[in-house]
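Okay, so here's just one chain, in structure tokens, the form predicted alone.
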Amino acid sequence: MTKSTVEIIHELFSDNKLDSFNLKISESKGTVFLEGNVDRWDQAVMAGHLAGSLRSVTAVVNDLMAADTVPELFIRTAGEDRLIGHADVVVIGAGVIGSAIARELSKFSLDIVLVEKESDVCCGASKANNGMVHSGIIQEPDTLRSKLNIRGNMLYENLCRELAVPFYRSSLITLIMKEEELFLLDLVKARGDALDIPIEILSREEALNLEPSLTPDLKGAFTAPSTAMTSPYKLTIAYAENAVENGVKLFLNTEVTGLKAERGKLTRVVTNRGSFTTRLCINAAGIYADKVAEMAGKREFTIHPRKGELILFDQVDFENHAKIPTGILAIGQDPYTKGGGSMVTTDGNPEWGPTAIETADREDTSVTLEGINRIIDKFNSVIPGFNPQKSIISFFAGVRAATYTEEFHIKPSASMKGLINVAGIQSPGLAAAPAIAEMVLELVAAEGFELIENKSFNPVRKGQLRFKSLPLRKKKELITRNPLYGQLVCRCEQVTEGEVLDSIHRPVPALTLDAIKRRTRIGMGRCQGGFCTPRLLLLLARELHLPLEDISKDGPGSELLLRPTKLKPD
């Protein structure tokens, strides 16, 4: 007799000592619902993963409460029902996915609105990505993550050329450190052949010849030449700018607070600034995508936050670092992460990470000493000639929006017609972004939209000028035309006043210190903004016609100055 999904989950819970908690399990149309109380957060996560591991399960709504965790209080911002506009499509979230979708839709004659609750695009997980465009070899075949990763990787080269975003095929060397695990190389090669992903197996000597900085203790390796590097925040900004140039209306500091429907069909998207009438909404809200989906009336899936910490090193130590990104393949690795790696960003900074830590807090972007030490211990053994303690200039963390099936959740809402959820976009979300945008376009057409070509669509974006990279003759010409390019604001990264002003007045304006940092690299050098921040504050206040006290690091609530310390003389 065939067991039901609920019966199988009960058995899995019993095998993993979760049966003592008297948890309630139910299932409807492939979605599993978990309710009850456990002792620890890791038990709540394990329960969700056990339920989501079954092939028959398409989504998990996990309402387990953990005694060691403060219950999540999701206080929805008050909405403004006042009508402020109409759109054929409203896209929620201006991370790399939402921005890519908005740009893809702008190829057609549609009125599109892109709303973002933060003060700039790329303020969530997209800005804390390591920038690797994965080949797709590590993804489980026959999954949406695998399919969209491989397709997205193929699209990147032309995309980055059009958008003037840095991109290069870096390849990837993945090491085997134990003799008894060398058989994994044949398995990887077989998977590569099946998925048409180029893979080359290397002996120990071949790996060391290719990348001499690697540890001589390695036993074997494989390369994935289609692996590439890009800048996640420059790509997101470029997507959004090109979308705006092609007619998309971007609303920053605009938080969606509700969805309204008539007879089951979406009619209005309500925000804290007013509402938009529409018949289609695309939910690309990242770590809060499940909360937006719930606005349709029912819970359809749960996002469980997974934090990733990264370390960034000084460019001056680039010579001692591996030039090709590296990783480690071993039996017994965490099945929910590729394990991180070492790489060099497109700006020339060595970078290690990320970690993968389950956290109950969606806003937990803290970096711990334990996390830093874990990264250093892991990758220092791979590149023994590099001194990480001497070279660290920064560390940061992002929170990935994983579902319990560990699969992308890209499909129309089951509760409201006109809502498409684009959720669960964890790694390889950056690599998959162009392909996700293509897939969403197909879903939009399936919603009954007539997609008429936007004949004025221009795919080419003019990139932002980088004074530091210009030859001396060009620098002189530029300064002659505009002396502001001769005014150095950031000495570490050689960013000029002209570049700062450019970023403030581009199609997606930079209105905060962090926004200008992402566009110009100001404050990203060795002093980390110690010298240039006061000057940048003055420039922002002047250009935005705001008092200094209103200039913020990354939006409302992060203002740097409280009040003047000296009164002006009468």
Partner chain sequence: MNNSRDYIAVIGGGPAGLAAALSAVNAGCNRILLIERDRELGGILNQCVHDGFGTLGLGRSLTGPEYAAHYIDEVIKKPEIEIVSNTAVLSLKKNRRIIAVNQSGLLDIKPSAVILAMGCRERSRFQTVIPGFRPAGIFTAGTVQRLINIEGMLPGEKVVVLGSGDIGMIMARRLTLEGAEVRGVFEIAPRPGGLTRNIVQCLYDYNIPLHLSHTVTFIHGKKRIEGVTIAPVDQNLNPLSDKEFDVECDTLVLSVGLIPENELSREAGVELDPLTGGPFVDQHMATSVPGIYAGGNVVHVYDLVDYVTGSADKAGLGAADYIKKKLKKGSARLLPGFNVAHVIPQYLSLPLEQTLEIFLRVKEPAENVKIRLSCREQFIFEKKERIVRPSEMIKVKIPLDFINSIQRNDQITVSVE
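Source: prediction; values computed, not measured. Positions refer to the first chain, counted from 1.
Missing here is the form predicted together with the partner chain; even so, the following discussion is about that form.
Just one of Lys265, Lys107, Arg151, Lys476 comes within 4.5 Å of the partner chain in the model of the complex, counting any heavy atom, and that one is Lys476. When you look in the model of the complex, the only residue of Glu453, Glu72, Glu363, Glu179 with a non-hydrogen atom within 4.5 Å of the partner chain is Glu363. Of the candidate stretches 224 to 232, 388 to 396, 195 to 203, 407 to 415, only 388 to 396 has residues with heavy atoms within 4.5 Å of the partner chain in the model of the complex. Shown alone here, Ser558 lies within 4.5 Å of the partner chain in the model of the complex, counting heavy atoms only. Residue contact with the partner chain in the model of the complex: Lys517 places a heavy atom within 4.5 Å of it. Put simply, His10 is far from the partner chain in the model of the complex: not one heavy atom of it is within 4.5 Å. Not displayed here, the partner chain is kept clear of Ser381 by more than 4.5 Å at the level of heavy atoms in the model of the complex. Residues of 21 to 56 include none with a non-hydrogen atom no more than 4.5 angstroms from the partner chain in the model of the complex.
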